[in-house]
Every structure is written in structure tokens, then in C-alpha cells.
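Before any questions on binding or motion, here is one chain by itself as C-alpha cells, the form predicted alone.
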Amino acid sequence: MMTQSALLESAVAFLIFGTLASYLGGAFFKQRERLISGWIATLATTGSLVYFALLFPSLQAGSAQVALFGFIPWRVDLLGWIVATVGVVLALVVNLYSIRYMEEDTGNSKFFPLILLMVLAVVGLAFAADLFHLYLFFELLAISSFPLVAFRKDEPKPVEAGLKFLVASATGSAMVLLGIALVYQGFGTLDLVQLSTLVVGGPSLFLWLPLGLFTVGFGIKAALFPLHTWLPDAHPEAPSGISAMLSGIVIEAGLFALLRVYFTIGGPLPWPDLLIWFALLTMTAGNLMALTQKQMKRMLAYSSIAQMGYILLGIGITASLGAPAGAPGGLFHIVTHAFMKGLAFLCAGALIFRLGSGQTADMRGAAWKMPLTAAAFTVAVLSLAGVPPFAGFMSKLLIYQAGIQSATTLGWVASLIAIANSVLSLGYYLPAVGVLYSKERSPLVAAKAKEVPFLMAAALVILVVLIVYLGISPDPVRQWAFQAFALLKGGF
């Protein structure tokens, strides 16, 4: 029987060697680079997912410290496993979808390997045992994301969006690095478990500066309001599979890293109450900005900012008010949001693939010629709004319940504002669905619309099945979320 370390090394090896093989296969066979590079990347993520699944039973007893390949310190626990596995699953679906979606693009021998690098960075962030390696994988996430945002380099707008992302990401990285330097100066270690012990009873005034730097640095990557400015520009210009990855797991990974730091060095500080108000501000601002958008992917980008607020709120309610369901609800919402928002962006990409336009008005009446795509989009946005019986309802329900069960004024107010925001989000989700099912058809729909190819449709169906399953039968993943926090030792 393989050890934890061997299983993890095998899962990571599939991503590393898949990156190399995907690039070399596409580079050597230029005429078929999209197919060869894409299928190698799909097989690599499939292999990695198998080993992550085999790793799961060994994590039921708690966390373990491993030296990956003998020299990279990783702390493997159920919490990190959930985030890493969701990233691999979403990448698998995106790779499958992009094999056809990217048929009009060149340079696919770089596109698919960069997705694998992005997933590798997410896995590293999920399991990093110290601040140094957390920073390294944070940088790898930025390095792999930037060229994917600006992938269509012959067009000015993707390049502009990529540069905005690069500047924002570099600023965030500099702040994270400075925060790490201050922590090391103050405590002489970067190990997360040791730091969680050392900060207890330490000088709390000193911690405000590094914690503030980490908040801005990781908050930029997590697209928290008002650090979100790169995200609405990146989404309309990036390939739709990359939009799905950015909103589905990349910004969650940035938030996960921030929360790791909060729970590790933030113990002496009153940050949990601030987290609740910051979460409410983020979800409200994101929804209000989404209401006015005329471009489908830009609207979904602002929606992602709002959804980050729910994750923050769940964690904040547990940390501040002691309600046990909040943090597992936030973690469960990371899972459901990855699939919901991933599906929404892939559906938007399918419409753009056929129509050649991202404007919502140009998609009028598309449902009658693209019924599968329209139905999948409807499932995605209703789930994002928290409508039963879909996955988003179940994860949001835990967060609402946590606020109410805290039996505090702040908890009740937070839950009511969160519920109001879910209703508010229907103000832009339902009109978007209404446009697709309009009896009138736009000129583009009348001339070009037809259902997407099999591989793209298969990717949509996989995510629809996951969303419906997690809505009807949420208990397995919900129990994993509760267990993940119950097993935690030495910080988040």
C-alpha cells in the first residue's frame, strides 16, 4: 500500500510531467498541437485526480507533515485536500472543454501546460507548511495566470487586461514578501504551526503591520473589494476556460492563503469582527456592480466578487461568534462556487464560441438554438443565487444558519444581509436567463447559433451533474468540510 507521501508525489508528478509532455507534444506536432497538447493535459489531470482520491482515506485521522520529493515541506490535511482536489477537478473539465473551444487560437502547446502549472500552484498553496513556500506557490500562480489572461496577444484588449493583472499581482506579491520578512524578523521562523504557537501572548501591536500587508497582498489575488479592479477586465478578454479557472479556483486559492495567515498569526488581534463587515461589504459591492453590466462575462466577474463575500462571511462568523457551521459552510461554498461559476463561464464561452460576441443583448433568443447551453447556464446562475435544490443553496444555507444560531445581533444582521444579497443577485441573473429564452432572436443568433460540439457539451454536463448532486445530496462533502475543521491543529 502506498504511503501518503508516495500518493501525493504521484499526484504532483502527473501535473509536472503532464506540463512537460503537453508542451513538447504540441511543440513537436504543430499541425495537431491543440489535440495532442490538450489530450495530454486532460490525461495528466485525470491521473492526478485518481491519486488525490486514493489519498483521501489516510486524511481521515488528521494532518501529516511530509517532505515532498524529499525537500519541499508540505502539511497534508483534509482542508487542503478539499481545495486542491476541487482545483484538479475543475482543471480536468476546463481542459476537456478547451480542446474544442481553442480551435481558432494558436499557441495551444503553451495554453494547456500553463493550466497544469496553475493547478500545481493551487495544490502547493493548499498544502504549504510555511510562509516561504506559500509565497513561492503564490508566485507560481501569478506567473502561470498572467500569460493565460493575455493569451490572445495579437489583440490590444487582452494585453491591456493582462498588464493590469500583472501590475496588481506584482504589487500584491511585494506586500506578501515584505509581510513574510517582518514575521521572520519578529519570530525567527516561517513554519505555520510554530507561528500559531509563538504569537499567543506575543506583541499584538507588531502583528498589525504584517497582517495588513498579507490582507492587501493575498486580497488582490482573491479579488476582494476594493482590491478587485483587475478581475472585471481580465474575464472578458481571457479565454473562457481561463475565466472559469480564475473565478472557480484561483481567487479561492488566494483567499485560502489569506485565511491560513489570519488563523496562524492573527490570534491576538480582533480581526474576525472586521472579517464579517468586510465580507458584507464585498458581497454587496459585487452585486451592485454586477447589476449594471451589459457584457455577460463582465457581469459574472462582478458576481465572483460577491461570492467571495459569502466564503469570508462563513469563516468570519465561526472565528468571531463561535458558530460551528460558519467555517464549514464557507469551505463548502468554495467547492460549490468552483463548479457553479466554472459552469457559468463555460456556458458564456459556449455562446461566444458560436456567436462571436460577448454582449448579452447579442445572445437574445439563443436558448432555442442552443438548448443544452442555455439550460446549463440557468442551472449555474440559479445555483449561484442560492435557489434550491442546487448546490449553492446548500452551502449558503450553512452560512445563514451559522449567523442565526450564533444568537447575536451581529450574526442575525449578517445573515439577513447575506440573504438580501442572494435576492439582489437575481436582479441580474434572471434578466440574463430571460435574454436567452426570449422569443425574439438577435441577428447573430438567427445567423450563427447552434449547439456546441460534443467535448464542450460534455464539460457542461459534468458540471451540471455535480451541481445538482451537491444540491440533492450534499452530506458527503458537507461532512468532509466539518471534519476538515474538526481535525485542524495549529491554525487554519
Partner chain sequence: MTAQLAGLLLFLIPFAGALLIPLVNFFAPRAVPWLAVLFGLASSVIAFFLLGGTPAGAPITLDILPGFFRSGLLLDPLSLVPALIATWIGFLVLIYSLGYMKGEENLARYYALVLLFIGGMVGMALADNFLALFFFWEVMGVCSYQLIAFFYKDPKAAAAGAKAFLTTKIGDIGLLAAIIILAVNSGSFSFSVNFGAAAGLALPVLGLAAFGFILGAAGKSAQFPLHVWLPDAMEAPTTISALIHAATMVNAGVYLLARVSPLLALVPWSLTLVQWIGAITALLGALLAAFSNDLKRILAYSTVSQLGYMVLAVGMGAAFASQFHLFSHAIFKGLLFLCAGAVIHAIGTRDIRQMGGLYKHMPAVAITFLIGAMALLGLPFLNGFFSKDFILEEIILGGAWGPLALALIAGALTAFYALRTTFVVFWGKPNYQTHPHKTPANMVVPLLALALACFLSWLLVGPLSEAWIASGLPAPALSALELIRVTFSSLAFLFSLAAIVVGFFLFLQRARLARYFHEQEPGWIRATSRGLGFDDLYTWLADRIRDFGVWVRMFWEERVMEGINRFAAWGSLGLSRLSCRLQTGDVHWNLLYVTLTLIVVLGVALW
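These numbers come from a predicted model, not from an experiment. Numbering follows the first chain given and starts at 1.
There is also a form predicted in complex with the partner chain; it is not shown, and the following applies to it.
- None of 208-216, 245-253, 310-318, 331-339 except one has non-hydrogen atoms within 4.5 angstroms of the partner chain in the model of the complex; the exception is 208-216.
- Here the marked residues 225, 229 and 291 all reach the partner chain in the model of the complex, each with a heavy atom within 4.5 angstroms.
- Taking the partner from the other structure, the partner chain in the model of the complex has a heavy atom within 4.5 Å of a heavy atom of residue 175.
- Although the partner is absent here, residue 400 lies well away from the partner chain in the model of the complex, with no heavy atom inside 4.5 Å.
- The partner chain in the model of the complex is not approached by residue 75, whose heavy atoms all lie more than 4.5 angstroms from it.
- The partner chain in the model of the complex comes within 4.5 Å of a heavy atom belonging to residue 278.
- A heavy atom within 4.5 Å of the partner chain in the model of the complex is found for one listed residue only; from 93, 265, 370, 220, this is 220.
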